[in-house]
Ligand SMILES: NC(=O)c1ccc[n+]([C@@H]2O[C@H](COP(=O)([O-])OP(=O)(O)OC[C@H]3O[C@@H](n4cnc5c(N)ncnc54)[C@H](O)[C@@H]3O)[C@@H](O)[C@H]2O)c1
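Starting off, we have a lone chain in the form predicted alone, written out as structure tokens.
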């Protein structure tokens, strides 16, 4: 099976890609490195150093003999999304590419807007590309659907 993991540089995406590759699937990963940019912007870093995606892909091939194809780009760029789906031709897409940090999105208006554009427009571009290119592609999506505020109870 050909599986494309979106958010493949992330803490869920990379282990998922390794697992799927180890199971004998042809795996591709997509990332725009936004999470690395958030950390830089916030002046934080991981407790454990995280090598570049390029280096991790090289290491995986050295230790496993299997190749993971990496695509660097942004899901909010519809041309990029269409190109990757056409070029990689996945059977299944695992979508971990949403900005998941509520505190980040709540910094101010621009961070909230960025989060919405990244999460909603990126996913819409993906859905339209699947519909146009190959509607038989299976989509597994894990993303934020959180809403913040006080719920109103109606009786």
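What you see is a predicted model, and the numbers here were worked out from it, not measured in a lab. Residue numbers count along the first chain shown, from 1.
Keep in mind that the form predicted together with this ligand is not shown, yet the notes after this line are about it.
33 is the sole member of 104, 33, 88, 128 with a non-hydrogen atom within 4.5 Å of this ligand in the predicted bound form.
This chain lacks the partner; the member of 139, 133, 12, 18 within 4.5 angstroms of this ligand in the predicted bound form by a non-hydrogen atom is 12. By the criterion of a heavy atom within 4.5 Å, residue 78 is excluded from the residues contacting this ligand in the predicted bound form.
Within this chain, residue 60 is remote from the site of this ligand in the predicted bound form, having no heavy atom within 4.5 Å.
The closest non-hydrogen atom of residue 97 lies within 4.5 Å of this ligand in the predicted bound form.
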